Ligand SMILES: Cc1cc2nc3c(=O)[nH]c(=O)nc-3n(C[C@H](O)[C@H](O)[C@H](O)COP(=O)(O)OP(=O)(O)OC[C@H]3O[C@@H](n4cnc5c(N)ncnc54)[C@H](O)[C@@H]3O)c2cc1C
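Only one chain is included here, represented as structure tokens and corresponding to the form predicted on its own.
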């Protein structure tokens, strides 16, 4: 019987004959929320994969094929058995990769089909319910542009990132859902912005393929420096003198394994500009707690905000007071996460 090990990339796992394949489910996780997320996925997958086993460690001689992303650490761990089936819109790029996002988006949009064929439908009931809720029950693509910067609540953003980052939701299937929604309700800036966000995700993946090791360098694309990254304990982070938003964001991250996109950007700005900490240690913190952690988007975005990535303007500074006046005028975020009982 063929043995497949899946390490945080479960995309296209069902292309194998699961009745004739032993699947070793070996997710990498650090926090309890990350583990809980994978336990739910494991329980769902067990309904269609009779020879499924959860494993906590990897023996390189104990499997035939490894499904994982192809980041540097996974290449080292899984070696020649690595089979990085990617959950991407493009299986290859039909154009030369630009160094910044805007020209990439302009080129990529010319290559996007009206619908992708084939696209793998989800088999996980939780994901099916989330898709139905988002597109059918609430019709949330109609308001995405107005709500995407909200920092509290279910409906501000799509909340599909954790399923995409682990390969349990085919990004082409999600793309098709958006396009089919538009065919019924019309194409709007809001629905188009969801595609825009999917293309950012796409860009960081392909950009990593060109620059790989630079994503883990202190100076990013500017020069290579792999000096040791300082990691901070929760106790040390709690003692840091920073804007109250920093501690609210930290509280939410630790308590839920999630931060909204806007909260991530403000938190990272404080980390980089106010606390003057190594951006890589912030990226590592997110890696250890986010349930939607994706190596390419995570490190690409931190590089971008630190001014050592694809943004030619340099560091991105977010004025916290102004940000909260715009996106949390009633102070609900700080009330919710500023102090935990």
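Just so it is clear, the structure is predicted and the values come from calculations on it, not from any experiment. Positions refer to the first chain, counted from 1.
Just so you know, the form predicted in complex with the named molecule exists too; it's not on screen, but the next bit is about it.
Proximity to the named molecule in the model of the complex, taken as a non-hydrogen atom within 4.5 angstroms, holds for one residue of 198, 151, 270, 108, which is 198.
Of the candidates 191, 260, 120, 217, 260 is the one whose heavy atoms come within 4.5 Å of the named molecule in the model of the complex; the others do not.
Judged by heavy atoms within 4.5 Å of the named molecule in the model of the complex, the contact stretch among the candidates 42-50, 22-30, 292-300, 59-67 is 292-300.
Contact here is defined as any heavy atom lying within 4.5 Å of the named molecule in the model of the complex, and by that definition not a single one of 34, 248 and 336 is a contact residue. The shortest heavy atom separation between residue 164 and the named molecule in the model of the complex is within 4.5 Å. Mapping the unseen interface onto this chain, residue 86 falls outside it, with no heavy atom inside 4.5 Å of the named molecule in the model of the complex.
Shown alone here, residue 144 lies within 4.5 Å of the named molecule in the model of the complex, counting heavy atoms only.
In the model of the complex, the named molecule sits within 4.5 Å of a heavy atom belonging to residue 265.
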